[in-house]
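There is one chain below, alone, in structure tokens, taken in the form predicted on its own.
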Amino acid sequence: MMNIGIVGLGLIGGSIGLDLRTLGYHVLGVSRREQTCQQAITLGAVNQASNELSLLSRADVIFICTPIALILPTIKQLIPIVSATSILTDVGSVKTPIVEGACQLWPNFVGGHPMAGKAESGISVAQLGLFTGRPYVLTPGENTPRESIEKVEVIVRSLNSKVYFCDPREHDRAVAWISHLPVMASAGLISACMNETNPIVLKLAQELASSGFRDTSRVGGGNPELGRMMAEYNSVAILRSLYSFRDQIDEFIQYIEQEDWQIIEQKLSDTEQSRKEFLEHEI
């Protein structure tokens, strides 16, 4: 079995470790915090852990599970440590700048994005089977060796995920619609609610909030650092989706001002049908 390295022992890194250890891989984990290293060992997410990247000198494949801004700096730090045959992959939710930068630094780089998660973060919420049935997108560079891609694909498929291959730019435009725009729209919903000037009404709204509000506000109430990184590293695609979303909101405002209830019902009938096309692949 190969030695697998994981840099960043949070929810995603820890969950990858749990699955791969169960499959018999020897997992080496690196975290900046000693407490996280010990917790990862205790939870069984890794065989060994350290806050020094030198632990990964004998890793065959390394998953970089850091925040987006740290992926390329981490690769630069790994270059003098790892073997020339080592394969690096990441789990970042934005791919174009990462793949372009990483492939220049390391030929054996395979971009990746497991589309699974929880509202909570950290090693303590790592979960065995987190990726089962979930999409795992691979975005290798144009010159990434086929053997490297195949090795990462085998590991990713062993997580029981649904593997998709696509161009990094197409990935970023797609996730802007179904992942990054919802974060911004959801955050906007929460902020709008907090703009209620009557404290009695605001308190009542907070007390009455139920599943509808919980569902539509969940991603806007998530990890602020992750949301900021989405906006910063995928700004072109996010702006494109936000402009389109704004147009849709403006249309609803216009219909309501004109008291055109028929077209609102038709619009909602259309979205009722369209929603199914986005969720028909759900397990």
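Quick note: we count residues from 1 along the sequence shown, nothing fancier. No experiment lies behind these values; they were computed from the predicted model shown. Superpose the two forms; the largest set of C-alphas matching within 1.5 Å is the rigid core.
The same protein also has a form predicted together with a small molecule, omitted here; what follows describes it.
Only one of 54-62, 31-39, 244-252, 211-219 places residue heavy atoms within 4.5 angstroms of the small molecule in the predicted complex, namely 31-39. Only one of P97, P182, G122, P145 lies close to the small molecule in the predicted complex, with a heavy atom inside 4.5 Å, and it is G122.
Only one of the listed residues (V91, I75, V156, V175) places a non-hydrogen atom within 4.5 angstroms of the small molecule in the predicted complex, and that residue is V91. Contact annotation: G5 falls outside 4.5 Å of the small molecule in the predicted complex, judged by heavy atom distances. For the chain shown alone, I71 is a contact residue for the small molecule in the predicted complex, at least one non-hydrogen atom being within 4.5 angstroms. Contact check for A116: a heavy atom falls within 4.5 Å of the small molecule in the predicted complex. The small molecule is not drawn, but in the predicted complex it has no heavy atom within 4.5 Å of G227. Core-superposed comparison between this form and the one not shown: the Cα of N47 travels less than 2 Å. After superposing the rigid core, the C-alpha of S235 moves by less than 2 Å between this form and the one not shown.
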